[in-house]
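One chain comes next, on its own, written as structure tokens: the form predicted alone.
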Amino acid sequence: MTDATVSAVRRQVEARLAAYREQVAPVILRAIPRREPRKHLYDLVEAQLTQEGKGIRPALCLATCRAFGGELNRALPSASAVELLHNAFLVHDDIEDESDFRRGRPTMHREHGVPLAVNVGDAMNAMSARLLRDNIALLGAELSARIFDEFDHLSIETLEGQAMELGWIRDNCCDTTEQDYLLMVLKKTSWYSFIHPTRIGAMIAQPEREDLDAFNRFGFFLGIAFQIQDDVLNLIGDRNRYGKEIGGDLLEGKRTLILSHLFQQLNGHEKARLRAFLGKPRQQRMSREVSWVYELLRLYGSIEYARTAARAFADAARTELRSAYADAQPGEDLEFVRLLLEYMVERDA
């Protein structure tokens, strides 16, 4: 894609994301209790939720519902619950990863301490469940129960994926394969960010629909493309646009496709040195060591390898999109889903 095309896609996708956020934001803010304790809980929840993220997950849910002829208001509680749960995961992830920045600001635990941040994440998790309860009056008990089952599955899969990643870091595992990485991303990213939001949107639009698994492969491939690109941006993204700590994945010791590829290229001495670097606590990893890892990544082409892989998975997602959305109605919602694919791989933030 040319630079002009990339810019045009970015503008269109970000405009649509903003439109979907405008629908979801009031629902989420109304879900925050207006009682004490405000200073140490509900004000912090509101501060977290008013930091403008992209809102990809609720957007996919709403766009898919509308693309299959559903009414937007019927999907709003579910889409809002997805976004609340996402923010709960982010607060907890930042603690687990010892991250310093999120969305261009200090993370919740850096600003307010770990105990309050954990409680804020727990509160948003509970609030997401409350929003799902609103589905009973809106959609009926049977469909509401099916949507709850989707949330139950995405929650467990996400926690399992997080456990895999944290376990690799804890044990300083340096032999993770590309297949290991793909399974972790399926669990940690694809299910809750892409597969279940599209399944839920389609389910609300067409409750009798039986082929929801058609969205699984689409969401899996899209999630992989998204995560690989995010891994790339974490290393070489623009600090002002990316919003998170550049090089944070290296400091945290995250096992990525990039790192897996690098280990396969290294000689014995380099492997031992990189293993020793990753085995250190974050606070003991020095800037010159990080610079050495960057030098290896350039030398062995690991970042470019990941970029190529992201484009290949995006191609696979395009094929699956045609199948999953074969009966969708043409219009701005279906076009958003299509353009989101291009945005995922070409984005710089």
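On a predicted model such as this, the values are computed, not experimentally measured, just so you know. One rule holds for the numbers: they count along the sequence shown, beginning at 1.
Quick note: we don't show the form predicted together with a further copy of the same chain, though the next part is all about it.
- Looking at 223 to 231, 263 to 271, 109 to 117, 196 to 204, the stretch with residues near a further copy of the same chain in the predicted bound form, meaning non-hydrogen atoms within 4.5 angstroms, turns out to be 109 to 117.
- Of the listed positions (I156, A276, L143, I246), a single one reaches within 4.5 angstroms of a further copy of the same chain by any non-hydrogen atom in the predicted bound form, namely I156.
- P37 is the sole member of G301, P37, G69, P26 with a non-hydrogen atom within 4.5 Å of a further copy of the same chain in the predicted bound form.
- Contact here is defined as any heavy atom lying within 4.5 Å of a further copy of the same chain in the predicted bound form, and by that definition not a single one of E210, L212 and A214 is a contact residue.
- Contact check for Y305: every heavy atom lies farther than 4.5 Å from a further copy of the same chain in the predicted bound form.
- In the predicted bound form, D122 approaches a further copy of the same chain with a heavy atom inside 4.5 Å.
- Although the partner is absent here, L41 sits close enough that one of its heavy atoms falls within 4.5 Å of a further copy of the same chain in the predicted bound form.
- a further copy of the same chain in the predicted bound form comes within 4.5 Å of a heavy atom belonging to R133.
- Taking a 4.5 Å heavy atom cutoff to a further copy of the same chain in the predicted bound form, the contacting residues in 133 to 170 are R133, I136, A141, A145, F148, D149, D152, S155, I156, E157, L159, E160, Q162, A163, M164, L166, G167, R170.
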